[in-house]
Every structure is written in C-alpha cells, then in structure tokens.
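Below sits a lone chain in structure tokens, taken as the form predicted alone.
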C-alpha cells in the first residue's frame, strides 16, 4: 500500500517533496507535547507516518486530500510542530501534510490594515516583513520563531500582546481552506458581516480536524509609537490580583499582563510585568493611571532592567526548541514530571478556584511551582511538578491532579484551556467541556469528513 501511495503523491508534488526517511518521520510524528505530560492510562499509541509530503500550493493540497479519500488514508496537517497538546501527533499511519513550503507573504494592504499570507509562513517572518512596512502582527506567542500562521489559527492561541490585540483567531479576517471532502472554502476578508454564520469559526481552533487552511488574511497594526513596560513586586498573589482587577475596572487596556508567584524566581510574593503600547499620548496616559493603582495596592517598582530582560528573552525557549526538538518530547523520562494548566474563569471565581486548587494539589502529593495570570484577570495558570526517582507513580499523581483541577474549572463555569488547544492531551475531557456541543462538532465532522481522514483522533471528535 505504501509504495503506490508514495508514487501517486510524488506525481502531485514531485518526488523531492515526499519524505520517507525514518529519522525525519520520527521527528515529525510528534509536536512539542512531552511524553511526561500524557496521562499514563489515557496515552494514545503513536506510530510513524507513512510519509511526509510538502505541497507547494492549495491546488496540490486539494489533490492530496482527494487521494487520501480514495485510499482511505489519514492526513495530519503540520505547521511548525510547536503545539503543546499533541494536535499533530501521528496516532494512525497516515500522510503528514507539512505546509512550510507554502510560506509566501502575498500582500500587505496598509489601507485595509491587513496581510494576506500562505499559512505555512512562520510568524516571525511575517512580523519582520510587516515591520519593514511600518506595521506589526498582533500575535506574539513564545513560539514566534517556530509557529506558523496556520498552526496559530488552528489552536486560536494567545501571545504576549494579546491583552491589546486579542487571540490569533480574533485577528483573522478571511480564510481559504481545503475541506476534508476536497472542496475549497473561501471566506470574505472583511471585519464584519451579517450574511449567515461566520465560517471562519469552523477552522479557528479546529486543529486541522475540519480542513487544512491554505491562506489567511489577518489584521495588522501600526508599529507602536511607544511601549511602556514595568515590573512590580507584590507581597502575595491576592494583593497583585486585586490591583490587576482595579486596572481593568478603570477601563484600561494593557497589551501585556504577565503575573506569577514563582518562589524560585521572586523569593516570595508575586511579580507583575505590565505593558502598554501604541499611540504615545495614550500609552503615557494609561501608564499614569495604572501605576498608582499598583502602588496603592502594595506594588513595589522593580528595576527597569528586569522588565526589559523579561521582554527581551520571551522567545528564548522557542529558539532552544528549534535546536533540539526531541529534548522537549522526552522531558519526564528523568523521573521529574512537569505540567501546567491554562484555564479561563469568571473573574469572581479565580481566587476561590486557586484556594481549592492548592488543596487538590497537596492531596495528590504534587508541588505547586507557580500560579499566575496572563493578559486578563480571567486567564489563570498553574505550573505543577512531581518527582519520584524514575517510576511512573508521580506521573500518574500529577496527571490525576491536572484532570481534577480541570474538572473543577468546568464545574465553576470556566473553560479548561484558553491558548494551546486540545489535541490528544485534553481530548478525554471534551464531553465535560461541551456537553451536547461535542455531538454537534462530531456531526459537522461526519458531514464534511465521511471517511474520517482529517487529523482523526484529535479533540475528542
């Protein structure tokens, strides 16, 4: 079966763009999800792909999808491979469609404040091109040097400037995609319409289960005239949280909110990195209003060098990942297991959840390494760890704690993830997350993908 399939794929994209080298197949069979973050009793089996194919156009993508339907072979869309939930794992032998050959920046439209790109474009390359034209891409995740436009849309991820510019999905104007049945979907690249439902939403956060995005038109923003970044120390998480709530209650819009109580980094208390950017007069006015709120709430200004260091090093982890992708995958094999949660809660529920979460963590014998906020008071995170000298008991305890925490979030009216997607990691919790909504997704999936070829086994659908 494999050899005739590879021959047919070679006729579509050229033999040089079909990869069968086992080392390369192994590398691309995973993304940035580490093995240590998978629940030992819910871990899916993984396999090597049949091959990796690198199309050069939307037309070639369509031919690949039609062939996959004929052969009943799964397709796994692949961007930068920096996803943290296993959305790009190969769990059935299939064709990995690596879109990184499709990396052209097609049009920068300054008057429309938009850029049109092929979705294999790496975010950093788009950012650099926009900078030359006096604009920025509003999406600035830690994976900026690695992640592709299509991957970021497919997980609806957030970036460091998301407080001002929103998630990647919120920046999408229009999309072109090849649906699982081989049909082409084109949505109009406008900021507002009321002519039917928004079909962009079918693909934003869809993790490649409902189609392969081949082209995107996204919003761009003028280069900020000024960025004001501050670092402030608070005596406790609660103290800092109260100050952040007051900042938002005043109607201020920070571009950057990064708040955490990591004892190892901050030696007690919690540190807030707070940033405003944009028009000079507006930035200065917002800073004048926000900093006194922090200081009156117990915040103490830290050296400006600390704030600048935070901003300068925000993409360092991604550059390390580029140098050694396998190291991240194998994390946890040394008997030290690490995981985190990034959840969305009503602002009134954050502190009650944190209190209950600390009890859950302690009961499971897991260490709470940090709790914090990112971008908004409602977006809460916890970093957890467990050590056991090499056996898997600690991993099981850690993942059981994570599952219990996420179920508590759902019971409190929140969502179990706000930036990284679902993949295979959170798929077992999708029924609790969506109720009948999961069945709605499954019915849409069956209608568009009757052969279940498009990234099967992901997101619980």
Ligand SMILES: Cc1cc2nc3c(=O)[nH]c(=O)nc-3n(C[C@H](O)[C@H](O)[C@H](O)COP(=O)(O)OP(=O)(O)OC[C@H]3O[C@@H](n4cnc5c(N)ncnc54)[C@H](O)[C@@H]3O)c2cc1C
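Numbering follows the first chain given and starts at 1. Please read these numbers as outputs of a predicted model, since none were measured by experiment.
The form predicted in complex with this ligand is left out here; the points below concern that form.
Of the heavy atoms in residue 299, none are within 4.5 Å of this ligand in the model of the complex. Taking the partner from elsewhere, residue 212 is found to have a heavy atom lying within 4.5 Å of this ligand in the model of the complex.
This ligand in the model of the complex is not approached by residue 74, whose heavy atoms all lie more than 4.5 angstroms from it. Contact annotation: residue 158 falls within 4.5 Å of this ligand in the model of the complex, judged by heavy atom distances. Annotated contact segment (heavy atom within 4.5 Å of this ligand in the model of the complex): 414-422, selected among 48-56, 414-422, 427-435, 400-408. Across the proposed site, 142, 317 and 321 without exception bring a heavy atom within 4.5 Å of this ligand in the model of the complex. Proximity to this ligand in the model of the complex, defined as a heavy atom within 4.5 Å, singles out one entry of 67, 32, 394, 38, which is 32. Of the residues given (256, 88, 137, 244), 88 alone sits with a heavy atom within 4.5 Å of this ligand in the model of the complex. In this stretch, 104-123, the one residue having a heavy atom within 4.5 Å of this ligand in the model of the complex is 119; the partner itself is omitted from this view.
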